[in-house]
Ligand SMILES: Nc1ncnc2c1ncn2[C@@H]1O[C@H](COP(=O)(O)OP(=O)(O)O)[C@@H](O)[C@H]1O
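Coming up is one lone chain in structure tokens, specifically the form predicted on its own.
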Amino acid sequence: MTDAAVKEIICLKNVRREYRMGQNIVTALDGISFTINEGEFVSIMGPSGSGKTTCMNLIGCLDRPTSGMVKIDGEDISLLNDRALAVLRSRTLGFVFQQYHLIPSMTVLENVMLPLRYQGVEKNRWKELAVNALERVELGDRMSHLPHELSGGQNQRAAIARALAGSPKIILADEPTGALDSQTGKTVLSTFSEINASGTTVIIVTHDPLVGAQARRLIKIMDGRLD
């Protein structure tokens, strides 16, 4: 990709996020600025309480800044109402969490198909998109299984497939290896690398330096500021 072809997909500029706790104002983010380009593989790293989760919530369109600007795929999230923010989130982002959040009574295929219903995808395409996503994470032979019949690593790959099924521009993963042993964690991180190699922007939020080192770029946050 040439420099002329690089597109900025995330931009935070002088972002401050404050929360009121009783009579006190707590500053979670204190004027941070950075950009992420389309197709990057980035880790946002910091210890507990550093502000990385607040940063993730802003990138994920789950929150708005107190001041400053957050742009996701060209949209200033402060200017969007809740409905427009939900549409941007659904269209642009796929989420992967530390806990898999798979529905126990549904097969892996049904779990991956489920979000497509709420993303406005035509019903006749749900199965095709879900199968393609599961095959990308090498779970094509586990589609009819229930979550309890899979290993932890397989469940996390199913969760990744669920995030991928709607073809998001950004995959946002919050401590995605936190519930896994180290070897399984490496396999899951390898899956993220493969997804990124296909052109999807991948952002991993973590406190673990070993996980952070797997990304091609590291953004460190400490006490609400870039470190």
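Quick caveat: nothing in here was measured; it's all calculated off a predicted structure. From 1 onward, residues are counted along the sequence shown.
Another form exists, predicted together with the named molecule; not displayed. Remarks below refer to it.
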{"property": "Answer option from 177, 43, 201, 50, heavy atom within 4.5 Å of the named molecule in the predicted complex", "result": "50"}
{"property": "The unique member of 171, 28, 158, 189 whose heavy atoms fall within 4.5 Å of the named molecule in the predicted complex", "result": "28"}
{"property": "Location of the named molecule contact in the predicted complex, chosen stretch of 160-168, 179-187, 33-41, 53-61 [non-hydrogen atom, 4.5 Å]", "result": "53-61"}
